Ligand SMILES: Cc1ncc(COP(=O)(O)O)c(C=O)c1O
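First, one chain by itself in structure tokens, the form predicted alone.
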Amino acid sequence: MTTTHRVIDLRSDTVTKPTPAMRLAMAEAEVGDDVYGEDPTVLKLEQRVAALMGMEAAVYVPSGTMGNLIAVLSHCGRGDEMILGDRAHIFLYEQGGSAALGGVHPHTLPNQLDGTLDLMQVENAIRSENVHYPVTRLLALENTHNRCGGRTLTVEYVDAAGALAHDNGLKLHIDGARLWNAAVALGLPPGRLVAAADSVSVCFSKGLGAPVGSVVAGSHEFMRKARRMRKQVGGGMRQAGILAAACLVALDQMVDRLAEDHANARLLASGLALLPGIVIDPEAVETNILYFDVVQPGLTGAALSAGLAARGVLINPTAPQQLRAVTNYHIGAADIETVLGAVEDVLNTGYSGALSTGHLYR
């Protein structure tokens, strides 16, 4: 008889699977043709998210990458410029879609450790009226910030960034793939976190556990453009209510429980900090993402990842001496203890063999 051992998957919260309640809602969803605007379940989701974000309207899209893409394409024309961080997901992990498909020029500034951009640097980066320069149209921020360790952007910072953008004729877009995590961590409604923004993209297939989908919200005029962009890049879906139904369940049942993921991430960070050969600042772990460095001589991030995989723990290396772990609703406190034991075992025994390559997207 073959015994199947459970794998503890901390590669991302994108590995979450829909709950039984989601599967039931999907099976029973009332549907229609969404491109015609006739899917009642999609309409319900869009209206609900727009209200939660304090926006006038919203549109359902297959992915967060598409959500960000159509937002940028709606705010900017060919040859226009967008200011964003050098660790932004839009810049690093969305295949340069805004440049490839929209001709939008990215102007990157260094992200601070907390995920913010220095607003003085932002102001200095805004182009003056000059025939040699592209026109600066958009400022894009990310909340929570993936590559900066899942850090949250405060409302004071976002408000100041929005005021700066608007004073200079720019729009502000928030990549809110994990805005739900930020709202839970800060104890604030998600709409308050984007009150200064002109658009926001929020995801349902990460910590909320739905199988597919993001929603982009903004003004009625912005949404008119965004729907056209969605169609242009191939994002028009038909009976999409089957998918949207799971997102509605996620809003009802999965947002508040994100606090459990945050607690487990802090538990993991605190345990890792006690292990010789691992460097991490547990105080910097605010949500469900944590990065840690391997400083044990002769052991790389890839080797530690491979050793953990051999022990049933999946964590991606993200740099030669760095790994990222992301807690999710499949992971409990007991799993964290198992992970810590596996890390300690690899540190003590080492690992040799073929190394797998880890990839980091979301």
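In this text, residue numbers run from 1 along the sequence as written. Note that the structure is predicted; figures quoted are calculated from it, not measured.
Here the subject shifts to the form predicted together with this ligand, a form of this protein not shown in this document.
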Kindly indicate whether Thr116, Asn181 and Glu286 are, all three, within 4.5 angstroms of this ligand in the predicted complex, using heavy atoms. no
Please tell me which of Ala210, Val194, Ala177, Val72 lies within 4.5 Å of this ligand in the predicted complex, judged by heavy atoms. Ala177
Heavy atom within 4.5 Å of this ligand in the predicted complex - the one residue of Lys171, Lys206, Arg230, Arg151 that qualifies: Lys206
4.5 Å heavy atom contact, Glu94 to this ligand in the predicted complex: yes
Does Thr327 reach this ligand in the predicted complex, with heavy atoms at most 4.5 Å apart? no
My question is simply whether Asn146 lines the interface with this ligand in the predicted complex - judged by any non-hydrogen atom within 4.5 Å. yes
With the partner left out of view, is Ser63 within 4.5 angstroms of this ligand in the predicted complex by any non-hydrogen atom? yes
Counting only non-hydrogen atoms, which stretch in 99-107, 197-205, 122-130, 233-241 is within 4.5 Å of this ligand in the predicted complex? 197-205
Determine the residues of 108-142 with a heavy atom within 4.5 Å of this ligand in the predicted complex and present them in sequence order; the list may be empty. Glu142
